[in-house]
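The chain that follows stands alone, in the form predicted on its own, written as structure tokens.
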């Protein structure tokens, strides 16, 4: 466990001591996408110092959140334990809670395959997806490309670029129904600030191939309100 102790007997305190150190929750976020080698984690968190990454992984292992296992053709990887995977709903809820405060990205801010995957999982509305036909998208944001398949309330996301870690699972076959590219402004579509048509007109996103009408379904299926209710 982390060396810091708050000296309080409380479940929230224990949780913060386990995952509250800087970078710890982002390591958990990336491992929620799938097992990762040390080098994969470092590439996905380019600003983390190597000594801090090693320390956080050790702390998370000691806390029973992460374990190190050997996988065929991959060597040693880090993965969440069943206890660690219990953080999934919490991480998704934190993503939804933080979304309205994101604002515009700083020049040095990056989007990674794992962060975009978790952002889409955060915004996914299974109750809406279950009421519309299945859809198969290819989403490009900067250098990241994801294959996003929605079938009822089920969401499957595979990383196409940069090349996914070898433990990322099998890539989907066939052609997507819609391929579109966007920058950080995709946030304005997910929030509903811009309709897909407005986003195209303002060059926030561009349809590369496929059926543009599916953008409306995408915007309905992946949505987070971007307003904060501060009323007393």
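Numbering follows the first chain given and starts at 1. Only a predicted model underlies this, so the values are computations on that prediction, with no experimental measurement involved.
There is also a form predicted together with the DNA; it is not shown, and the following applies to it.
*Asks:* Would residue 17 count as touching the DNA in the model of the complex under a 4.5 Å heavy atom rule?
*Replies:* Looking in the model of the complex, residue contacts with the DNA do not include residue 17, since no heavy atom lies within 4.5 Å.
*Asks:* Check residue 137 for me: does it contact the DNA in the model of the complex (non-hydrogen atoms, 4.5 angstroms)?
*Replies:* No.
*Asks:* Using heavy atoms and a 4.5 Å limit, would one call residue 51 a contact residue for the DNA in the model of the complex?
*Replies:* Output for residue 51 is yes: heavy atoms within 4.5 Å of the DNA.
*Asks:* Examine residue 161 and determine whether its closest non-hydrogen atom to the DNA in the model of the complex is within 4.5 angstroms.
*Replies:* Close contact is absent here: in the model of the complex, residue 161 is far from the DNA, nothing within 4.5 Å, heavy atoms only.
*Asks:* Select, from the options 25-33, 180-188, 199-207, 38-46, the stretch whose residues sit within 4.5 angstroms of the DNA in the model of the complex by heavy atom distance.
*Replies:* Result for this chain: 38-46.
*Asks:* For the DNA, considered in the model of the complex: do all three of 21, 68 and 78 come within 4.5 Å of it, counting heavy atoms only?
*Replies:* Each of the three qualifies.
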